[in-house]
Each structure stands twice: as structure tokens, then as C-alpha cells.
Ligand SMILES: NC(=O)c1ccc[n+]([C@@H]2O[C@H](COP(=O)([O-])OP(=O)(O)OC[C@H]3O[C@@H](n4cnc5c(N)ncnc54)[C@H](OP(=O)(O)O)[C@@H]3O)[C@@H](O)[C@H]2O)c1
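First, one chain by itself: the form predicted alone, in C-alpha cells.
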Amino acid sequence: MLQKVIRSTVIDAPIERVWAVLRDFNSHDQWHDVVAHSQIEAGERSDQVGCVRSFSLKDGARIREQLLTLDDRQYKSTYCIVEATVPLQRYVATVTLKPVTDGRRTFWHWESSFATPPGMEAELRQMVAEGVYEAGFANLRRHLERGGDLRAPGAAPMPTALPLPGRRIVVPAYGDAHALVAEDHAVPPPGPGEVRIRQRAVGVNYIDVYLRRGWIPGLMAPGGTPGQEAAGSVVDCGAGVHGFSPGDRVAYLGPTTGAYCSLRNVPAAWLVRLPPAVDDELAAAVLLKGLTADYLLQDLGRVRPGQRWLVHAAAGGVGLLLCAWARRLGATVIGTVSSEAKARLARLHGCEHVIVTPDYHFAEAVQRDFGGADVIVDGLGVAAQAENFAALASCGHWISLGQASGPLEPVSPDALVMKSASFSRPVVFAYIATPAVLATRAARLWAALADGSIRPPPIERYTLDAAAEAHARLESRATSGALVLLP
């Protein structure tokens, strides 16, 4: 007959900090007093499902356990004993964490089932319940106290004393999508003004392709990690950080790369809080793109009713948000796409007039049907350069956001004079230069999602280790909406 042991407790620390310890399958010799030494066999990662930890107890017993599941969304793991000198047979245990409603404490549920030799049922139930579970609760509390995470209410967050294991993508040498390589790395405690974030979704943007190809070497050298936006939860905070605490749900975008990872330190000034209605994947899919749409509409294009906007790649991540938002604000929106399927998606998201053109021919239709474009938002690059000039209306403004087909040729001032036109090459980070401005723009984005001004885009999901596949898909021009990586 199977025996069952169930124990629960509340730990005075946020769930992210408790989980950061417990998800490491090889950490128990650091915090559980009964464990003398532990190691992961075969050189596998300690958060790799299927890995086996071999450890000895201080009483001389030896045990081998295998990690069966690890769920960072549900804060849950299961494991089993595969070999032991202790007579626990068919032992399977589950650890589950849940946040307490105040956000600063964690409910920890630990249970197991196992068989025993006849006559040893009560003895082994007591050993598991008291020697493993109850002692483990007390030991982890002491471990967290030593790490500085048990604080009086309102006290400043303190950094964890130890590095934490993570996973990241690097580009050892510039090249095609296969240049993206996954590796393990250790993330140190956050420094002054920084937070350490457990990332659950990472945004993929076309600038990441430019970086991987080596088109912007000043932004990412060989050996670097791409990515500029992600979403997740705060693990811990460095000195001088105010307004954020462990467990807070946040997203960020930053001017330096490094977001293609599972765990990262970033300046607190990059962070925005996530409202309950915005999950991690949606935040990673829309933050950079949505804030780009915001400054294009509010600052550069100064959108107004009746204004003619030409938006290229209207079914892409920025395009879907921009078309819908511009139309809600009264603009006449014209979009270009490369296929009928993308045209249907663009119309569904508010693009009133769609031009299907796989070969960058659109200027004649724009001039014939609309008298030219007052604002052009272009990520196509050199292949569409001449067409963009031709599509501009008098006094029009051409905004170059990217160069998917290759870098632009130098823009001639004399060509601009012919139409009294203007040209700009903006970067989003100049428009979110302070935390206050960033928060204001983010609030407008969340409000636009909430009131239906913009709709959540379709999201294609890839694991972090499949970043190369995501890049190949993005470069194929087959994608619509947004791509995210899930660490």
C-alpha cells in the first residue's frame, strides 16, 4: 500500500526568490541540513528535466533522484528516487509554490507517495514528514535569511548573495541564423541600481537580425547576446532600487543588447510594471513595437484626422499595432503586404486600404488612389527607396525604421526639396530617455490594448534554444505579427 505525506508552510519571501532556490535541482546541499554533498550526473544542467542528482546524507545514506518536470509558470516540480540506501520504494514527490495575496510571502506545498517494507510505514512516514519536509522548511528560511531576503515590511530589497544559473544565446561570429548558439551561464547578484529578472518571454525584432549579421557592430560585437526586450518577474534588487520588489511582474526594453536569456540583470530605469491583463508573452511581443507606434503617432507623424499614412509590412509586429492605432485616431491608413493572407490579417487589425506587392511596387497605386502619402513608415530599406520617394505627397514625411532588404543609399537633400519633404531615421530609445517618459508611453500602450484601439497581434512562440529557427522564420518573410522566445 502506498504511503502519502503532505506538508505545507508559508515562507516570508516572494515567490520568485523561493523558486530561484528550489528550481535548482542541485541546490539542496546549500540549504538543507541533512544533505552532505550533491552533484548532477553526466554534466547536465541542474534545471534540465531528466537530470539526475546523486547526493549523500550526513548520516551516510546515499540517494539518486531524477527531475521529472519543471514548470516555471506554475512554480512546480516533480522528482523521483531512482536508487537509494533508504528503503523508500517508488518514491515520487511534488513541490508547488503559490504567491500569498500580499505578494511578499510564498505558500509552499510539498507532498510525496511511496511504498515501504512491511512494518516500516510509520517510521518512514515520520522520517519524510519531519526529517525532510518540516526540516526543509526551517532550513530554507535560514538560507533566505542569510541571503538577506527576509525583510521587515517596507525595508529596501537586498541582493541575493550568490550567482544563479541561467541560459542564454550568443553569436560567436556574425553570420546566418545558425550563428545563434545556446549556452549556460551564471548571473551574478544585481549591482547598484539594477534588478535581476527571471525572464519568461523575450521579444524578437528585426534589429536582432541586423545584429547577428554584423550590420551594427558598435551595438553588438562577436560573442554578444542579441535582444533588447523581455518580460518576467523580479528575483531581487540591487542597492538604491526603489519602486520594485522581488516578485513584481515587469517588462523592459533597453539600448544595449542581451535579452536572449532566461535570467538577466538590467537597470531598474528600463522597467515598466505589467497590468494584470497583460501576460508575459503579450508584453514581450508588444512593448518595443507598441512604444515605437506611440512615438511615431504622437511625436514624428503627429497624427490627425484625414492624414494619409503609408505603413509598410502592415501585417508585421509594428505594422499591425500602428495601422490600428492610427485609424482609431482618424488617419487614412494604407498598408503594404507581400501576400493575400497577410492582407487579410492587416484588414482584421484596422488597415483600411491594403496593397499586395511582393516586389516593392506601390507608389503608382498610392498616388493614383490617395494623392500620395503624408507619412510613410518604412522598414523595407533599399529595395523600396525609389518607390517611397515617388509615393510621398507634397510636404510629406518619410520615416525609415529599418532596412530589411539592405541599407539605404544616402538620401539626397535635393530629392527632398523637390517635394518639400522631410526624412527621419529615429531610434525608440531617444523617445523613452527617462523613466517618467517610459512610464507615460507604456501607460498609453496598455490603455490602447484595454480599450480596443489596438488588438493583441498573433504571436509565434519558440523556445530560447530554438532562436535560430525563429530568426530563419523571420527572414523568410512568412511571419505575421510578433515572435517571442520562451526561456
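Sequential numbering from 1, following the sequence displayed. All of these numbers come straight from a predicted model, not from anything done at the bench.
There is another form of this protein, the form predicted in complex with the named molecule, and it is not shown here; the text below is about that form.
- Of the residues given (L67, L438, L445, V428), V428 alone sits with a heavy atom within 4.5 Å of the named molecule in the predicted complex.
- Here is the short version: of I376, A326, A313, A283, the single residue with a heavy atom within 4.5 Å of the named molecule in the predicted complex is A313.
- For V337, a non-hydrogen atom is located within 4.5 Å of the named molecule in the predicted complex, even though that partner is not displayed.
- Proximity of G481 to the named molecule in the predicted complex falls within the 4.5 Å heavy atom cutoff.
- Put simply, E475 is close to the named molecule in the predicted complex: some heavy atom of it is within 4.5 Å.
- Looking at G317, you'd find a heavy atom of it within 4.5 angstroms of the named molecule in the predicted complex.
- Picking from 271 to 279, 240 to 248, 70 to 78, 207 to 215 the stretch near the named molecule in the predicted complex, with a 4.5 Å limit on heavy atoms, gives 207 to 215.
- Proximity of L288, K342 and Q403 to the named molecule in the predicted complex is complete: all three residues have a non-hydrogen atom within 4.5 angstroms.
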